[in-house]
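One chain comes next, on its own, written as structure tokens: the form predicted alone.
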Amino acid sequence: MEWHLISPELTMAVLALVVILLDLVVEKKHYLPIVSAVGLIVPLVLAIDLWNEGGLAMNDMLAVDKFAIFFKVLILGITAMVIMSSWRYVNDKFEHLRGEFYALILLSALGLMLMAAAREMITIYVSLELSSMSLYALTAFLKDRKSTESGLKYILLGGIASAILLYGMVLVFGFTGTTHLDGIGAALADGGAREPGLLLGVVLIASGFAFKIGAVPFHMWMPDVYEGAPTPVTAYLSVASKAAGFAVILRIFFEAFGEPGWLYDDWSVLWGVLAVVTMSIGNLLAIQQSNIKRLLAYSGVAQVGYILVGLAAANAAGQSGIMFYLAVYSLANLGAFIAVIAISNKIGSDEISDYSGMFKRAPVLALVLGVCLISLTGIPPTAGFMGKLVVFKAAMDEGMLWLVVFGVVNSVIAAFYYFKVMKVMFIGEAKSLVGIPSDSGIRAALVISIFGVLLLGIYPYALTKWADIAAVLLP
């Protein structure tokens, strides 16, 4: 076995164990976030080093291709930013559980990295459960009523979604005789029969992963979980989980269900309809929210709808468009949540009304949050505009004008609630003139977010080229 092909995952597991051991033996716990964040450099370098390697690992269960490496780098970057920005929050909320918090974040990232590389059904499922179990625990970390309730809802609904996903995998295995994605694709291409049981398996698999990414009607867990979970966990869950979920969806539906033609057409329509429903319901429910975390939860649902436009296009441009969109969405959404971490930790509230006049108290935080919300709206010259442009263009190339029209209309609707938050921050009366402090980790993460959002809005070529190269690994 060529162990170097899974070296990023191995070093992530070792890093998590090191953090746990340091927590047990070192008295000064403030080194733990530094060790966790700096330690991520090792798997990041190892992942980038494998860019031109290629190959298969673990008896062909894991792919070492540019597609997997793209998502590994994205997940590692997200993890680093969340750890950097959570230092003060973790110290204030659960100082005695710092080691467990950072170790669980790293173990969850390990599961997500394995998901992005998995090309076999059982491996996908085990990787999904590894990340999910860590996230279930992190969601309930505050141990108050809201946090406990959100953790309970997440684990119950997540368990049901996992059962649905597993049943779908069993049905597909029954009709194809294999759990390897390339083997499933070959079996379907040879047979090509429109079997109701096979269609049911495909629908159940789509449903299981629709829960993971938060698509309607499997989004019901998101508002409560986002509101009750610690804000750094919400930030991590809002982007990392979606990125890995879309990585698996792309790999399964293009490698395993790309043939026969009738199946390809069926799931393209399925994702197109789901895109319209998801973006519409997400935006309409977001308008009604008075809590910033719940608003961003429904905003995340709507963003999933826009990303699904690229999946419905079912072409190479759609694949690379999804990858580009996930990267720029991660930057904007993390920037928004990191600003929320700093503000809410000081004022002790997530109510939008309590953000009134925030520009007078924390002008930098308010500006960063404002720019990130503009990017989520999809207004130039931010990266969010380019993200929507590439996925909408992919749909236009396939003649799906109706889908693009729904996307544009929903973007206009989304502007209403994003600008409502900005109006409160920039025009509202400040309830206090006491400043909002931010530590060096939060400032560094905000700089990365705002720089990425503006740079990729003006010059997206490098990232789009990287996404194009990584996406061609899928048939």
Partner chain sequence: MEVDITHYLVLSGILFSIGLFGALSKHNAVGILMCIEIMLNAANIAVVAFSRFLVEDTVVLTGHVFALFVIVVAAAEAAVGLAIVITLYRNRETVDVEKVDSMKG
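Residue numbers count along the first chain shown, from 1. These numbers were taken from a predicted model, which means no experiment stands behind them.
Separately, the form predicted together with the partner chain exists; it is not shown, and the next lines address it.
Picking from 366-374, 152-160, 230-238, 243-251 the stretch near the partner chain in the predicted complex, with a 4.5 Å limit on heavy atoms, gives 152-160. Among heavy atoms of residue 347, none comes within 4.5 Å of the partner chain in the predicted complex. In the predicted complex, the partner chain lies within 4.5 Å of some heavy atom of residue 126. Using a 4.5 angstroms limit between non-hydrogen atoms, residue 294 touches the partner chain in the predicted complex. A residue is said to contact a partner when one of its heavy atoms sits within 4.5 Å of a partner heavy atom; residue 268 fails this definition for the partner chain in the predicted complex, lying far away.
For the options 399, 177, 217, 380, the one in contact with the partner chain in the predicted complex, meaning a heavy atom within 4.5 Å, is 177. Checking 405, 122, 273, 287 against the partner chain in the predicted complex, a heavy atom within 4.5 Å turns up for just one residue: 122. Although the partner chain is omitted here, in the predicted complex none of 202, 206 and 325 has a heavy atom within 4.5 Å of it.
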